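Single chain ahead, by itself, as structure tokens, in the form predicted on its own.
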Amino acid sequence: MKSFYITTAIDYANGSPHLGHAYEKVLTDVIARFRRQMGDQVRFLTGTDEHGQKVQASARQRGVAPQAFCDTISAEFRAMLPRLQITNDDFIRTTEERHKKVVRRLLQQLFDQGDIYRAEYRGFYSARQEQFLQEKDRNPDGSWPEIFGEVTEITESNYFFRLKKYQPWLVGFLEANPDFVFPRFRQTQVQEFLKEELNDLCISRPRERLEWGIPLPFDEGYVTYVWFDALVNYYSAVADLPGVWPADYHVIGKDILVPPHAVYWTIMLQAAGLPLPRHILAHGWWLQRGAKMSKSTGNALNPLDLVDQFGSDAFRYFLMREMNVGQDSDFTPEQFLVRYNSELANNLGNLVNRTLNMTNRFAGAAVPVSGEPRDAERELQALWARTGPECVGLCEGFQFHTALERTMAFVTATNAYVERRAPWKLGKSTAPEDQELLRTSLATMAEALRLAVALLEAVMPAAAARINGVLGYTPGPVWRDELVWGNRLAGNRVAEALVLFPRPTPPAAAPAA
């Protein structure tokens, strides 16, 4: 089996989870599940980023120790994962000793080889972003962008990492690896960023200003800058596991692609002599009526409110169906309901209940053996012969939204097939030819449903398991074999009914966090 290591960004322990956090976990989980289906040995990491000035300040505001504050917030993120059916293999916290020892080891190595040095810094500092700023970061009118919050001018002695030294190498690496960042236009943004000369990266904070961090191994009077700490989690979680590193994909938001992941992290690894991740996947933002969702703007949605009302499968389906990976997408409760009602309840849910109902009415609750296919059956089978391979290819390219569209088009075509064959009319006939066609139509409905479920399994795992359960079916160990049209359900006893997507009770709008 091929090893496939995938990570999410680790969430900053300074507030509760919102829709953006949930989307990144679901997206990564769908990729992980799909790769397992394809036969890979997957390792899936997520976790929380727990050091830094904002955490220290928030803990003081609540009158608790930073570690206790982080324990509470980290527990919220960890508790969200099973609610969303996330299949992570590991959950790392940057306050864990296994992480801190790797950070200190890398820092010492870089210091010993001369890539970290001490110098005095005078300039502007954003406490909100925990970073030093340059004149080029200002707005055209000289003000600072809102994202930086309050900006102050400071002078202090700090340790710096020789980022500039490795800039020519990184430029050459990106030219030689045009698919390093997905989607490709995001890599172009990185290359544009690198057209300006980099400054060396300040990687420390004096302990009199920031106590909540990992002390530098070569100077205990300083702690490590949050990015030099947090980014290392991807490696520290597997440093002692042979054959896992490098990561195949870091799944992150577009806002932390440049410079943290595409510049800082790649150069840190290169300087340390460690292999680079094979790819970075930078996804877009969820917008609400054109504005980014965030806690600071007050329009963040609590994802668990949607899960409580509609179930995790419907929530996962909407996230993957609505957003083109890498682009932004708008979330509205109205659009959620459109997808829920038209595609899940009226289309997929309708096919499930038609199949169960008619198999019970006309075949004694056992899926019949199909007869020779006729034109209608051959047309549906031909559509499947195109749909199955196309959806696999789309998922390999992270085009899950289009794969779900094609899958639902196949479900729609199956419902149209049911209308064309009208088993409820065939069931009233005693003619042998009609009875044979009835058996064929019932078998065709069940088989088409089974195949559609195989494509939906990575996105809606619980719903897929429930549908297979009412069909009396247990999928085999090789997922690709499940995509072959056949008579696997013949003789299976089916349940009487299954309500997968009940009608929501008004009001249906998801409340804000």
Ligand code: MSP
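Bear in mind that the values here come from a model prediction, so they are computed numbers and not experimental data. When you see a residue number, it is the position in the sequence shown, counting from 1.
Beyond the structure shown, there is the form predicted in complex with this ligand, which is absent from this document and is the topic of what follows.
Of the residues given (Ala247, Leu344, Ala403, Ala230), Ala230 alone sits with a heavy atom within 4.5 Å of this ligand in the predicted complex.
Contact annotation: of the candidates Lys292, Arg98, Arg83, Arg278, the single residue with a non-hydrogen atom within 4.5 angstroms of this ligand in the predicted complex is Lys292.
Taking the partner from elsewhere, every residue among Asp49, Ile256 and Trp286 has a non-hydrogen atom within 4.5 angstroms of this ligand in the predicted complex. Contact annotation: Val494 falls outside 4.5 Å of this ligand in the predicted complex, judged by heavy atom distances. When this ligand is considered in the predicted complex, Leu489 lies well away from it, no heavy atom lying within 4.5 Å.
Tyr317 falls outside the set of residues with a heavy atom inside 4.5 Å of this ligand in the predicted complex. When contacts are judged by a 4.5 Å heavy atom cut-off, Leu106 does not count as touching this ligand in the predicted complex.
For this ligand in the predicted complex, the listed stretch (247-255, 309-317, 143-151, 374-382) containing residues with heavy atoms inside 4.5 Å is 247-255.
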